[in-house]
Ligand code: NAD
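Below you will find one chain, with nothing else, as C-alpha cells; this is the form predicted on its own, and questions on how it binds or moves follow later.
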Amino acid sequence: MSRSPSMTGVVMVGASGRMGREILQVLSREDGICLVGAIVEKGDPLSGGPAPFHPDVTCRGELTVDDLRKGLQNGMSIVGIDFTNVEGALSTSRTFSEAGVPLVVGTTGFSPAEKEELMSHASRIPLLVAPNMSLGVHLLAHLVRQAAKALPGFDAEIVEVHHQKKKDAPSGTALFLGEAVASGRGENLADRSVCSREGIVGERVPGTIGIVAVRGGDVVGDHTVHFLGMGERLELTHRASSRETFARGAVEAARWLATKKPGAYRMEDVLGIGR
C-alpha cells in the first residue's frame, strides 16, 4: 500500500496482544489508513521482526517522542491506538501528549486517579478513551441513558458475560453502561452501584444499580441492561461474536480523531449522536 500525505498513519501500541493483532488485521484491509508503527513489550518475541499482517513494518519494544515527531514531519496525519494495560497506557499517553499526536485508548481498569491523569492530556492532544470500541455498544449506552431518564422508578440491573480468561470484573463496558444509567438519572455510579450480593442482604435498595459478572467459555462479550418495573421489564442487549467488532470500531475512531483539535472525545462523537 502506498502512503500519501492524505493517508492516516496508525501507531499500534500493544501490537502483539489479542486486540492489537485484530486491529492490525483490519488495518491491512482498509483504504486511506495504514500501519506506520507497531509497539510491543520489550523482550516480546515479535520485537525486531515484522508486524503481523504488515511485513513492511518492524515491531519495536519502545516508542519515543522523537519517533512520533518524525512521523508528523513526513506530512502524514498520525494517530495512536493503545490496547495494553493501565501502566502502559499511562506511559503511552504521556509520550503522545508530549509529541502532540492524537491517541485512542481502549485499555480498561483505571482507578479514578489514573483516569484523571489520563484525561489530563486532552488539554494538549485529541484524546478518545473508551472501555469498548464497538459502535453498537455506544449506541446501546445512548439508548440506556434515554431509558433510565424515562423510567426513573424502574430497578436497573446489568449482567455481563465474558470468556474465562478475562482478568477484571465487572467489565469496563458494564461499568460504562452503569454510568449511562446513572447519567440518565442525574446521579453518580459510585454512589449507586452494587457489584456483589451474598447472604441475607435484605430488600433491594431503591435507586441502586446492580452489576453482575459471569465468566466462562469463549464468550467475546455480552451485556444486558435490565429495567425492571412492576408487571413489566425492558431489556437492552448487545452481543459481540467477534473481536473484529472492536477492532473495526477502534480503526474508525482513529480515522475520525486524526484531524481533530485537542480535547476529550467519546465514541458517541464518532457516531454523531447526542450525549
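Residues carry their position along the shown sequence, with the first being 1. If you're wondering where the values come from, they're calculated on a predicted model, not measured in any experiment.
Not on display, but discussed next: the form predicted together with nicotinamide-adenine-dinucleotide (NAD).
Using heavy atoms only and a 4.5 Å cut-off, determine which of Thr108, Ser183, Ser193, Ser97 is in contact with nicotinamide-adenine-dinucleotide (NAD) in the predicted complex. Of the listed residues, the single hit is Thr108.
Single option in Val36, Ile209, Val40, Leu68 placed near nicotinamide-adenine-dinucleotide (NAD) in the predicted complex, where near means a heavy atom within 4.5 Å: Only one option qualifies, and that one is Val40.
Should Leu24 be counted as a contact of nicotinamide-adenine-dinucleotide (NAD) in the predicted complex, where contact means heavy atoms within 4.5 Å? No, Leu24 is distant from the partner.
When the contact criterion is heavy atoms within 4.5 Å, does Asn85 count as touching nicotinamide-adenine-dinucleotide (NAD) in the predicted complex? Asn85: yes, in contact with nicotinamide-adenine-dinucleotide (NAD) in the predicted complex.
Against nicotinamide-adenine-dinucleotide (NAD) in the predicted complex, would Ser93 count as a contact residue? Criterion: heavy atoms within 4.5 Å. Ser93: no, not in contact with nicotinamide-adenine-dinucleotide (NAD) in the predicted complex.
Interface membership of Val251, nicotinamide-adenine-dinucleotide (NAD) in the predicted complex, 4.5 Å heavy atom rule: No.
Only one of these stretches, 139-147, 193-201, 85-93, 72-80, has heavy atoms within 4.5 Å of nicotinamide-adenine-dinucleotide (NAD) in the predicted complex; which one is it? Every other range fails; the passing one is 85-93.
Do all of Gly9, Arg124 and Leu127 end up near nicotinamide-adenine-dinucleotide (NAD) in the predicted complex, with near meaning a heavy atom within 4.5 Å? Not a single listed residue reaches nicotinamide-adenine-dinucleotide (NAD) in the predicted complex, so no.
If you apply a 4.5 angstroms heavy atom cut-off, which residues in 126-151 are near nicotinamide-adenine-dinucleotide (NAD) in the predicted complex? Those in contact are Ala130, Pro131, Asn132, Met133.
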